[in-house]
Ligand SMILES: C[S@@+](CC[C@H](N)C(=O)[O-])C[C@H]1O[C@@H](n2cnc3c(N)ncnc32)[C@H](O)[C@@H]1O
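Taking the form predicted on its own, here's one chain by itself in structure tokens.
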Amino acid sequence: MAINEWPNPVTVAEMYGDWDYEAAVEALERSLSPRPAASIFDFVGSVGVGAGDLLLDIGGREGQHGLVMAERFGCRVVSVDPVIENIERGREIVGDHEYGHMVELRQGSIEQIPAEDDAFRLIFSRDMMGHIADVEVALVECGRVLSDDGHMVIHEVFGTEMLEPAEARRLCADSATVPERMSVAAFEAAVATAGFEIASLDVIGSEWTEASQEAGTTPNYLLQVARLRRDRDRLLEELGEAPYRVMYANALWSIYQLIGKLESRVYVLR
């Protein structure tokens, strides 16, 4: 919905007129049954992966997504991440998990994946392409390690027409996001140039964030922003500049999804 869908302003008479405010509040309390973030694994299942398949979780951090896929589909997973601290934490998490023997952690990057050609049946990428300077190079490298009948499942968040340029610049600067990665058109052009085609696209929009807020599994992001603004000096001293900026950007990231300035998308590529 465009922000200027209604060209005429609401009048005072309309604002305070004969309509039921309590009924409107009640209507907005009704859930729209949003899909949870875990529904991303339905896209993995949709391409038919199963026992015996080898999957790559690129940008897999501590390996948790790999563990979910190993448990759900009976597949083996290689989880690759460039940050050594993520690998070190992941070794403990994976080592203690029932399905940990099916998940291998490797340090590496999407531009130079530590794997042989045609190694994987599926590549899983969740919310990490935004950090990549040259996504076309990254996708070509993914194509190298993907089998001929393989697929990629990519979740990414993009800016919409409601996101103001100044908002985008600040958000990208504080979340280590490459500004060009906020563009749907640029991403889809890179997909085509790298030799992939879009098998399916699901515009998740705000659903995952709605679901987590309704379930109470994520913080109150508006309250976080209010506290970060009001207590800026003390929190900067307590947390440090980088953590302060990251926490602010993370909260805005979710708020912007809820109000339509950002939208989540899941692509299945082949």
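Fair warning: this is a prediction, and the values are worked out from it, not measured in the lab. Throughout, we count residues from 1 along the sequence that is shown.
The following text describes the form predicted in complex with the ligand, which does not appear among the structures shown.
- Picking from 239-247, 220-228, 61-69, 46-54 the stretch near the ligand in the model of the complex, with a 4.5 Å limit on heavy atoms, gives 61-69.
- The shortest heavy atom separation between residue 132 and the ligand in the model of the complex is within 4.5 Å.
- When contacts are judged by a 4.5 Å heavy atom cut-off, residue 140 does not count as touching the ligand in the model of the complex.
- Using a 4.5 Å cutoff between non-hydrogen atoms, residue 128 counts as a contact of the ligand in the model of the complex.
- When contacts are judged by a 4.5 Å heavy atom cut-off, residue 153 does not count as touching the ligand in the model of the complex.
- This chain lacks the partner; the member of 180, 111, 167, 188 within 4.5 angstroms of the ligand in the model of the complex by a non-hydrogen atom is 111.
- Counting a residue when any of its non-hydrogen atoms is within 4.5 Å of the ligand in the model of the complex, the hits in 70-86 run 81, 82, 83, 86.
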